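Presented below, as structure tokens, is a lone chain in the form predicted alone.
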């Protein structure tokens, strides 16, 4: 059984259709990279998966559980915030701009959400937070505040924070777009290590070489649809669609 099934997801804002029927699935431990031009719907898709936006139609299943059923419109309207929070627990989200709380240390940022859930003791949560930050190479930065950290360090704290919730699927929305090349390498190294440890991930990225090497599959989105998808190396090295070829030829110049 697939860990994630996405069927016919659509989403419009005002009168503009952003997602026009998205279908894909993934297995546990798989890494999918989503590529495409700005405005193709990549970030909107991630936000729908994380219930930061509500799709208009379609279905989302995680481990066989239906999280969203567009056929049941009235039920979807009645979804309470508490229920939405439960649905989000299936996904960990790492944003472009880190979104760390400036008044909390790195360790406090990582432990904040688990402490709010109260599923474990504070000591357990703190120990797990310290282990995650150590895994991110930040054992000497646990008590630093975000303004005392580089962009790469802040993004690694954000990754640790997402992992602290033990999500089924870890999602990245262009995690290196706000970083200079040197700091980009730090973050990509961490994501690569997560892939090596069979972490299930969806990565929206403009790093084509990274997507090719780390991903199992690549989805190329264009104007709200998945125009081409398949084995990462096949799609990037030998695209079949003319639009995919155009996009990759431009990206490969950088």
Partner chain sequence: MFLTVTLSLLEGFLSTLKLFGLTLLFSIPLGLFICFGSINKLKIIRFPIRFIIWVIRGTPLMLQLIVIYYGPGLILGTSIWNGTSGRFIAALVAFVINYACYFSEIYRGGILSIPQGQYEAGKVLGLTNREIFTKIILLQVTKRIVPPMSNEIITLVKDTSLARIISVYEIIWNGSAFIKSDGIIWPLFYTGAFYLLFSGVLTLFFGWLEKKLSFFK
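Numbering follows the first chain given and starts at 1. What you see is a predicted model; the values in this text were computed from it and never measured.
Below, we refer to the form predicted together with its partner chain, which is not included among the displayed structures.
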Name the residue from 149, 132, 183, 93 that puts a heavy atom within 4.5 Å of its partner chain in the predicted bound form.
93
Select from the listed residues 170, 125, 165, 142 the one whose heavy atoms reach within 4.5 Å of its partner chain in the predicted bound form.
165
Hey, of 64-72, 206-214, 22-30, 42-50, which bit sits against its partner chain in the predicted bound form at 4.5 Å between non-hydrogen atoms?
42-50
At 4.5 Å between heavy atoms, is residue 100 in contact with its partner chain in the predicted bound form?
yes
Within 4.5 Å, heavy atoms only: does residue 88 come near its partner chain in the predicted bound form?
yes
At 4.5 Å between heavy atoms, is residue 156 in contact with its partner chain in the predicted bound form?
no
Exercise: residue 178 in contact with its partner chain in the predicted bound form, heavy atom 4.5 Å:
no
Residue by residue through 106-130, which ones have a non-hydrogen atom no more than 4.5 angstroms from its partner chain in the predicted bound form?
112, 113, 116
